[in-house]
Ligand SMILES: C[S@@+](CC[C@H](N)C(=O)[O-])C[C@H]1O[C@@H](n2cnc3c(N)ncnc32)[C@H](O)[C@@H]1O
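The chain below stands alone, shown as structure tokens; this is the form predicted alone.
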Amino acid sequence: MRTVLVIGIGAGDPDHLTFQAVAAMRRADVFFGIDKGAVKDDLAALRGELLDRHVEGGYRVVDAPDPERDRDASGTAYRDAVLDWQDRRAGLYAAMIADELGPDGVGAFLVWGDPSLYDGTLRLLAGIREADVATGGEGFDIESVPGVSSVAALAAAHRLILNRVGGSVLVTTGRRLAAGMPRDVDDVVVMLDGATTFASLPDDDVAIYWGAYLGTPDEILVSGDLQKVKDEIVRVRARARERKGWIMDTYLLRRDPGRR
């Protein structure tokens, strides 16, 4: 039976790759990817570096262009736009697996960070497998290999322990944070915040630990009282995005529980 591996390759440092991930990569006959355009050429270069470093010849790389997505949609239109984009991406995955993977072949998707955290590859592959079986096909096995997430890389860079004694940690998105800092959670990790939502928060009892391009030579870190450093982060982020053409950033908001 065919096997598809979903391998976490870390937040950007080539040394984030685990021994388990290396072993999985060496099993693959073909590596599938999505071409996100020239603005992320350096991410594609990292994938190439990892393959050159850890996998001997004989493998193939198959890329498909990423479908267009309406990133300005909001409300219910946002959810509809994401679902439509995911459906079209699933179609690309299904075609690559059908066309490029033999009956006993092993294919692999290399995903940034960890496959379990804000990455849809596993979910899309499960849907493709179910559809294949439903139409009389044999389907394929799916294996997931964990990786170093940007959340872990952020905590390490700032020398933080994410959870405090007796407390919990919420991992959420900028869209969710727009409703305000949750009152019942003192430690909130935010990913996918292209709108710099933190800058609009009024809280005066919150510290921020922000990082961009985590684990790469371009890594940028800023931390401090939210109200004192939020404008600096906005400026630094804008300059970095203009310089590189893209940005990936993550941050922790930490409330002083004694002031809640």
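Since the structure is predicted, the reported quantities are computational estimates derived from the model, not experimental observations. In case it trips you up, residue 1 is the first one in the sequence shown, and so on.
Heads up, the form predicted in complex with the named molecule isn't pictured, but that's what we're talking about next.
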Quiz item: Would D186 count as a contact of the named molecule in the predicted bound form, using a 4.5 angstroms cut-off between non-hydrogen atoms?
Solution: no
Quiz prompt | L214: touches the named molecule in the predicted bound form, heavy atom cutoff 4.5 angstroms | solution = yes
Self-check item: F140, heavy atom within 4.5 angstroms of the named molecule in the predicted bound form
Solution: no
Quiz item: Is L192 one of the residues lying within 4.5 Å of the named molecule in the predicted bound form, judged by heavy atom distances?
Solution: yes
Quiz item: Which single stretch, out of 176-184, 148-156, 161-169, 101-109, brings residue heavy atoms within 4.5 Å of the named molecule in the predicted bound form?
Solution: 148-156
Practice problem: Counting non-hydrogen atoms within 4.5 angstroms of the named molecule in the predicted bound form, say which of V133, A126, L117, A94 makes the cut. | Solution: L117
Exercise. May I ask you to choose, among L252, L17, A24, M248, the residue with a heavy atom within 4.5 Å of the named molecule in the predicted bound form?
Key: M248
